[in-house]
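Starting off, we have a lone chain in the form predicted alone, written out as structure tokens.
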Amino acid sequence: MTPQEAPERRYAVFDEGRFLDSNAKFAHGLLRYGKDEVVAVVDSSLAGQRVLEVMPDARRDAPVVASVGEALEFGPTSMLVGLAPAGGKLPPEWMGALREAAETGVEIVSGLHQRLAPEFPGKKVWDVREPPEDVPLFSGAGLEVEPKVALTVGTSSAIGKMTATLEVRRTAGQAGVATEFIATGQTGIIIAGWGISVDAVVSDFVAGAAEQLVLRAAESSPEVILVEGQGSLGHPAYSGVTLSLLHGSCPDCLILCADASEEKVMGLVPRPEPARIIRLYEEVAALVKPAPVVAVSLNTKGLTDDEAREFAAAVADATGLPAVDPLRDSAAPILEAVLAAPKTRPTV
């Protein structure tokens, strides 16, 4: 599927009792960044209110209702399972409510590790994490695409790579810069309507999946292709998918994502300093194609304004790069750095 082929959906979001839960990231991502309409959110604990009343940073509004039946009155085409619980499995008590929606012909959309299609035989189900069957090996064709390719990378996982990518896309749109967003994780795919959840692809083919996504995105001739990164070279569990994206997407430049946390990654290994991991990303990328880190996107959640400014100044001083929190401030400096970066050629 290409970006142009992604169908338009009218979503109702099912988050019974959990809409404000930090694990409701599918719902929150769709409401903040999605291209598709959201007609209602199901959460009886908040019924009668509106999304922007309970989640002011959602950027889009919709009524919150008490039941699937009420949500169906708004004419959704799809019901999104809005929760991403630990372990990736659906709360058992939700199955009956989703079955009610499926029986009316509404598509069930889920980003869980648990596949829902077998639970609703004969019904419309989009298991977002299900990879395509025909993912090829990396071929090298992505090295020759015309648009500039920028990839987000991180000092750790769950650090804001998707958010940074989407904030740069939003800022680019406001500036009239044509971009394509490549989703490589389930939340990003729900937002964009297309992509491949690379954590579900057999490891030998992850680089090929990334390359195919870049080739498809290039078909619309955008000025910049923005690739959502995953994991980190410094993460013991997820470094493999990071490396595959780093080589497979053939980026021309990188955006480092970092935060102020000093916690060890998985409680095991020290979190690398931005300046050090920048050198590592650039060296590893250059084995296939040079890709300099051109900016640092900061996650300053939990810091005061003064603390955030001090942290940004320290990172900028240590790296010599623009360093900003695109949510607290603006993604404009990151976009400017990406636009100023040259196209690079494969290593020979």
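In this text the structure is predicted, and so the values were computed from the model without any measurement. Don't overthink the numbering: it's just position in the shown sequence, from 1.
In what follows, reference is made to the form predicted in complex with another copy of the chain, a form of this protein that is not presented.
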| property | result |
| --- | --- |
| Any non-hydrogen atom of residue 126 within 4.5 angstroms of another copy of the chain in the predicted complex | no |
| 4.5 Å heavy atom contact, residue 143 to another copy of the chain in the predicted complex | yes |
| Residue 139: touches another copy of the chain in the predicted complex, heavy atom cutoff 4.5 angstroms | yes |
| Partner contact for residue 270 in the predicted complex: another copy of the chain, 4.5 angstroms, heavy atom | yes |
| Candidate stretches 219-227, 270-278, 96-104, 159-167, one within 4.5 Å of another copy of the chain in the predicted complex by heavy atom | 270-278 |
| Whether 177, 299 and 334 all lie within 4.5 angstroms of another copy of the chain in the predicted complex by heavy atom | no |
| Residue (of 288, 303, 39, 293) lying close to another copy of the chain in the predicted complex, criterion heavy atoms within 4.5 Å | 288 |
| Residue among 73, 130, 204, 119 with a heavy atom within 4.5 Å of another copy of the chain in the predicted complex | 204 |
| In the predicted complex, residues of 228-243 near another copy of the chain [heavy atom within 4.5 Å] | 233, 234, 235, 236, 237, 238, 239, 240, 241, 243 |
